[in-house]
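Next up is one chain by itself, shown in structure tokens, the form predicted on its own.
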Amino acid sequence: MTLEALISSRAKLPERLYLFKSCVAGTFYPGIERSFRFILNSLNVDYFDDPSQSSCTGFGVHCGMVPPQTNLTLNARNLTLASESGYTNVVCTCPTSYANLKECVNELSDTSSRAAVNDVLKQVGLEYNGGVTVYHAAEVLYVIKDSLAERAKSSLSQLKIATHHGCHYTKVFYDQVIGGLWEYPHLLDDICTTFSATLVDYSERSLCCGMGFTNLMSTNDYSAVTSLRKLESILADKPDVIVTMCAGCQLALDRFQKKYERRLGYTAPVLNVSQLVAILLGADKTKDACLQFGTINTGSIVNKLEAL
């Protein structure tokens, strides 16, 4: 059952969410998770922020530093913590965590894989028995977007927005994308238009942000070239802000934009959708949304929002 169907069947906001924290978001853009918490708190959504949760190690896996079996066992522990807490709707702010955890859930449905993992988990007094479903935070915002718009203290009516959907959300479990299809997702677009935003379309919409994990960590050359191509396409129509759903995408589009600022001739701040929605709900731009961690100045969009 999709999250949308789940919420529709209850006819109310999602309940008992297990907030799965991201190492990349927490390190570079803490406002992503602080903003998502602000949104959940604003709607009195019941969620669990588990201090025992570890990184999903997705970054390490994609860089070839963490073996697949280690990744599977570690995430079986994370999923078991969620199951035993009673908060079985795991919500990730990071598409890499989202895809990694969903892949682990699928692999753990195999009896032999589960037995091998549980043989390790028993050493720490745990046993994986399933029963956990994984979602992305943007899916939650998408499903409750109308309720969020009703509570908004300002709108996006004066802003032109370009969206970028993370590859690990749209292209790994491509058949489970909420809001459009993986070839042309409009999950973020629909959230933004609910707040009256004007959307900017661009030719390189389906192109990766350029992060590429190993490429970014090694020479940077391929990542930089890919990101530049993406940014040139996005910035051609001069959007006020670029909205993402991934801290890694935000990192690439934010930092490489600063690197190529003179060549691009125009810049637009990059925000996670949770940061943008939280600001619209009245979140503190420094304490909650943590806009100060962005490389591209956000003053222009803040002024436009405050003028409404």
Partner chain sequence: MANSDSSNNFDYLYKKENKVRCLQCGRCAAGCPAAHVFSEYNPREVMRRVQDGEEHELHKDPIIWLCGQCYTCNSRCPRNNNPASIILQARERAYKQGHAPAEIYQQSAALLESLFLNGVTVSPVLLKEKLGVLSELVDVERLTKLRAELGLPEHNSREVPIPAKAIKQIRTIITSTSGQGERANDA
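This is a predicted model, so every value here is computed, not measured. Positions refer to the first chain, counted from 1.
Another form, the form predicted together with the partner chain, is not on view; read the next lines as being about it.
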Exercise. Does each of Asn89, Lys145 and Thr267 have at least one heavy atom within 4.5 Å of the partner chain in the predicted complex?
Worked result: no
Exercise. Among Leu199, Leu228, Ala149, Ala116, which has at least one heavy atom within 4.5 Å of the partner chain in the predicted complex?
Worked result: Ala116
Seminar exercise, completed: The stretch from 135-143, 189-197, 103-111, 150-158 that lies within 4.5 Å of the partner chain in the predicted complex, judged by heavy atoms, is 103-111
Problem set entry | in the predicted complex, Leu251 touching the partner chain (heavy atom, 4.5 Å) | yes
Problem set entry | 4.5 Å heavy atom contact, Gly282 and the partner chain in the predicted complex | no
Exercise. Heavy atoms within 4.5 Å of the partner chain in the predicted complex: does Glu127 have any?
Worked result: no
Exercise. Does Phe28 make contact with the partner chain in the predicted complex, using a 4.5 Å heavy atom cut-off?
Worked result: yes
For this session: Residue by residue through 70-88, tell me which have a non-hydrogen atom within 4.5 angstroms of the partner chain in the predicted complex.
Result: Thr70, Asn71, Leu72, Thr73, Leu74, Arg77
